[in-house]
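Just one chain follows, in the form predicted alone, and it is written as structure tokens.
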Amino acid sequence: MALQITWFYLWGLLWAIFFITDGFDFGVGALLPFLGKNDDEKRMMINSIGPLWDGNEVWLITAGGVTFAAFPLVYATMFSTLYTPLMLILFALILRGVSFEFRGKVESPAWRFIWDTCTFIGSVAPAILFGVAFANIFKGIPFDGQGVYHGTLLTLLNPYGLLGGVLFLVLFLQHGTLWTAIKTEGDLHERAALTATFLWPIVLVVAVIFLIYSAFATSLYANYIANPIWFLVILITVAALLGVRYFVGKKEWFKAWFASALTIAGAVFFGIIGLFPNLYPSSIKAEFNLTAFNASSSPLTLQIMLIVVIIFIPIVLCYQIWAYNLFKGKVTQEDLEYEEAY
């Protein structure tokens, strides 16, 4: 049981790390047509995430791999019930990656406009779809005891699911704006700073509405009421969101970005803690719920996986810290002259 509980929260942690790291990539891509006023500024935005975006997506593979190996029944049911949105996310991620590489291949404004649009779509679509998917998981997915989905794509586009999509989008937009402010200078930096100030109250309003709506659309708060100590997670998340505004006002951009990262992690764990022990609840009958206990792999498998994680996750983290430190400087006009630049 201890192994299953450990892997339940590790599963949530890996998703949180993915949303923190790739979240600012999504934000930068979504803001590309609006913050970048000319080709050089757009290239600066793309190159601010250029050395990092594909490494950030390793966490998506890791989270998916852990779902497959630790909770295979959840993986199978998730990919059958959420097949359409997950495939749309996959296609959007492919489109985004291709757009980065193809954008500079032809010296044509029309060509670059096409790929900038693809970058925008490939960033906005996953942000919204991930939010819709997780909000529906919090709410419950209509599947039966055989894992058969009783609904359509439109079933997932319910008000609570759409609100989850909006929440993820505005969180990632804020995250990406702060990253742009960290990595750029001049007019682009000032524009990003102004946008960060503009976005914060929107994020606050959407987050408050989501917290309130969750009390009516889900049973997430049951765990919090049973164990009030968990309300600290919500308080820390709120404090982190308030910290974003404080540090933006002080023009301490990295601290604001870190506070934004903590806000995203808190938003994920708000749902993860509320779900426990359910990993994939059914909205048809509670007896169909897939939990950390009835959907996990064998104890031996979980034990071997835990040893592997203890060894390799720190290595991946060290590599990413090294990469972030290596490319910690601002993207300048001179950087665009390098052959490796996008």
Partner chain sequence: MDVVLLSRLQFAAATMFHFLFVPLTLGLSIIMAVMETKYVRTGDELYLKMTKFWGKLFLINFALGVVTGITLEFQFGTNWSRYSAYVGDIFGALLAIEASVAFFLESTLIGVWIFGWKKLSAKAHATVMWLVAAAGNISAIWILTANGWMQHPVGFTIRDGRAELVSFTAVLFNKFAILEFFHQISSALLLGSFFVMGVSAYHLLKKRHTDFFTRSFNIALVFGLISSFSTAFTGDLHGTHVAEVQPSKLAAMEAHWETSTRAPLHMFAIPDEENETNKVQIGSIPGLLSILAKHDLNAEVIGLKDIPKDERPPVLITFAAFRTMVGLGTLFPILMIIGWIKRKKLLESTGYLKIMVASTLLPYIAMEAGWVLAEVGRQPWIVYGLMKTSDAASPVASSQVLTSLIAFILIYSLLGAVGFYLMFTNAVKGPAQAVKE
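Positions refer to the first chain, counted from 1. As the structure is a prediction and not an experimental result, all values here were calculated from the model.
Just so it is clear, the following notes concern the form predicted in complex with its partner chain, a form of the same protein that is not shown.
Visitor: Using heavy atoms only and a 4.5 Å cut-off, decide whether all three of M87, I304 and Y338 touch its partner chain in the model of the complex.
Guide: Heavy-atom distance to its partner chain in the model of the complex: all three under 4.5 Å.
Visitor: Based on heavy atom distances of 4.5 Å or less, which listed stretch (170-178, 200-208, 87-95, 131-139) is in contact with its partner chain in the model of the complex?
Guide: Going by heavy atoms within 4.5 Å, the stretch is 87-95.
Visitor: Even though the partner isn't displayed, in the model of the complex is W59 close enough to its partner chain, meaning a heavy atom within 4.5 Å?
Guide: Yes - in the model of the complex, heavy atoms of W59 and its partner chain come within 4.5 Å of each other.
Visitor: Within 4.5 Å, heavy atoms only: does T332 come near its partner chain in the model of the complex?
Guide: T332: no contact with its partner chain in the model of the complex.
Visitor: Does any heavy atom of F270 come within 4.5 Å of a heavy atom of its partner chain in the model of the complex?
Guide: F270 lies outside the contact set for its partner chain.
Visitor: Is A292 near its partner chain? Define near as a heavy atom within 4.5 Å, in the model of the complex.
Guide: Answer no; every heavy atom of A292 is more than 4.5 Å from its partner chain in the model of the complex.
Visitor: To verify the annotation, which of these, Y75, W253, Y160, F120, has a non-hydrogen atom within 4.5 Å of its partner chain in the model of the complex?
Guide: Only one listed residue qualifies here, and that residue is Y75.
Visitor: In sequence order, which positions of 276-309 have a non-hydrogen atom within 4.5 Å of its partner chain in the model of the complex?
Guide: Residues within 4.5 Å: S296, S297, S298, L300, T301, I304, M305, V308.
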